[in-house]
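Next comes just one chain, in structure tokens: the form predicted on its own.
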Amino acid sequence: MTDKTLSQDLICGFIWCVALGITFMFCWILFDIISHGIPEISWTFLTSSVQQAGRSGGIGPIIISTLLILLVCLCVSIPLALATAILLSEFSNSHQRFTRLISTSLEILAGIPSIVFGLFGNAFFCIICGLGFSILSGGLTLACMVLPILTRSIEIGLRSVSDDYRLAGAALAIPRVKLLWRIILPAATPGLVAGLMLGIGRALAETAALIFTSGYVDRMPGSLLDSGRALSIHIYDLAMNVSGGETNAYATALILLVLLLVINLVAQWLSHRFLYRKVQL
């Protein structure tokens, strides 16, 4: 066996060990959450209100608050991210000063800690805008957080589309907007879905930013201007501040994972439907 073959085998073995290690850690965490959380899961737990600071009762209002915060976040961030990504990839030159400024701003925003976004959201949305501790403040703060991830993912997806599509559209005198909507965006659907998954994952798992914006209140929200506790905050509170709340913390964590999985599956299904319809047209 030559030295070259030996080094290749060692590298392949190291890669396999890393992959198996990551898989083992994921399965271990998943097994731990499922084994501790699934005995507490019931319809009552999913629909009833929090009682005794979370030691008993359910998480019905918590789920509703989480979904409303996520809805506000996505309704604001997706259009902004899509427009920015289209501007950067389709209507501007990468060497322009304005384009470089936007790209640098996105990179800086992506590296800012979540606690800083929370302080910004508290100062701007809660105090300056007068929204107070509310679902709307939390959703808008999360929108600021996930905007760089969504924009970069969509931009990469658009840039990965072959220029042959653009040249063919120009040769056929297809309007640029129609070409973008009918051909470029469907071809970039995998990148769009990947960005959406990353954005949803970060939004659902966020805790620090929501403590300063959406608040701790665990009752059923009446509107977007009411305070609401997200699932991630509820898990943190049960695990750290409530004696005897570990069991319900595991159950809430399991619901959070299931919710993330369901949203991802729905997003993928919708993207496939969108792509199929565009191909049919």
Partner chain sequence: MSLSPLDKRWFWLCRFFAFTCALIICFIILFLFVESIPAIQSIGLERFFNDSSWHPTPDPSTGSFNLSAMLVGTLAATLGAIIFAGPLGILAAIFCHFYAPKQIAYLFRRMIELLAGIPSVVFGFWGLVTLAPIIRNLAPPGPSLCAGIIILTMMILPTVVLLSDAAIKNIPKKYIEGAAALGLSRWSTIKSIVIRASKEGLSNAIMLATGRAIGETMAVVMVCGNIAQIPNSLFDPIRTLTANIALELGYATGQHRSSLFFSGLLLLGIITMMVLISEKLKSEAIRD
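All values reported here derive from a predicted model rather than from experimental measurement. Positions refer to the first chain, counted from 1. We call the rigid core whatever largest set of C-alpha positions still superposes within 1.5 Å between the two forms.
Another form exists, predicted in complex with the partner chain; not displayed. Remarks below refer to it.
Here is the short version: of I38, I29, L225, M220, the single residue with a heavy atom within 4.5 Å of the partner chain in the predicted complex is I29. The partner chain is not shown here, and in the predicted complex it never comes within 4.5 Å of any heavy atom of I263. In the predicted complex, the partner chain lies within 4.5 Å of some heavy atom of A239. Although the partner is absent here, R182 lies well away from the partner chain in the predicted complex, with no heavy atom inside 4.5 Å. Within 4.5 Å of some heavy atom of the partner chain in the predicted complex lies at least one heavy atom of I211. Shown without its partner, the chain has P175, R176, V177, K178, W181 in segment 158 to 190 as residues with a non-hydrogen atom within 4.5 angstroms of the partner chain in the predicted complex.
The two forms, fitted on the rigid core, differ between this form and the one not shown by less than 2 Å at the CA of V258.
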